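Single chain ahead, written as structure tokens, the form predicted alone.
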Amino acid sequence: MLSIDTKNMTNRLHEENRKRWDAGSAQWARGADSRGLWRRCPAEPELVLSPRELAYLTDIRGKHVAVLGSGDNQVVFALAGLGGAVTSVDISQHQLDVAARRAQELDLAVSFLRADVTDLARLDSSTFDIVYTGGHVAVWVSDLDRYYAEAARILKADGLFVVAEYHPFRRIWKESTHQLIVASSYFERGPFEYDVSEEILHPKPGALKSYEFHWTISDYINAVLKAGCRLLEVDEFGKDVADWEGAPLNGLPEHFLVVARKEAGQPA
């Protein structure tokens, strides 16, 4: 029987994605600077968190919060502005370096950790009151069960787990300005392999590798349940269509939200 080392495969694909994000971080930072949201979101968290998210995240003063796959760290800064003691976790050191400089400029006390979200060994079990993850994180992660199991492990008993992701219905379409054409089945998870440049938002062919994973709504919910969490809410929201999406997605939900609590008695 052929033995497949899925952990090493995970690391290899994630390592390629890390290289791509490291290469694109400077350009991504320039785009964020032009929009300026990162400067505003500590005082205006509604710029980067939906009303449904804020319903669970407003009263967090003094609570320990981990943000997994923190990227541009706008959510990190919003949660720090709300009074949370925030740990920002990302696979790209370059992204974290940019965020650390910005946090210093904003006078925000944030801890930064470079780690793969499927291996948070440097974080102790049962440490955080809240774990937040989402935006566009899971698309780069090859093992959703391991990812969410690690999120639940670092949560305290009865801690809050918030997943706010880009809706998977929007990932299946070919680029087209005037019609929806299916490029891949909703049930095809990947990995999808691309040869890309350092440009992230409008990718072009290049020498870097990128691997994507298209999880379904049921994949997300089942991974949360397998991690030992109790569902509190599942929601779908948003209707904006950005130019980078490359298809007429009007009428399709933009985001979805899963909110859960770690069941008491789950192994740490």
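Position 1 is the first residue in the sequence shown; the rest follow in order. What you see is a predicted model, and the numbers here were worked out from it, not measured in a lab.
There is another form of the same protein, the form predicted in complex with a small molecule; it is not shown, and what comes next is about it.
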(request) Tell me, please, which stretch of 114-122, 152-160, 182-190, 78-86 lies within 4.5 angstroms of the small molecule in the model of the complex when heavy atoms are compared? (result) 114-122
(message) How about residue 136 - does it come within 4.5 Å of the small molecule in the model of the complex, if we only consider non-hydrogen atoms?
(response) yes
(message) Does any part of residue 213 reach within 4.5 Å of the small molecule in the model of the complex? Heavy atoms only, please.
(response) no
(message) Given that the small molecule is not shown alongside this chain, does residue 255 nevertheless sit within 4.5 Å of it in the model of the complex, heavy atom to heavy atom?
(response) no
(request) Using the partner position in the model of the complex, report whether residue 56 sits within 4.5 Å of the small molecule, counting heavy atoms only. (result) no
(message) When the small molecule is placed as it is in the model of the complex, are 14, 21 and 90 each within 4.5 Å of it, taking any non-hydrogen atom of the residue?
(response) yes
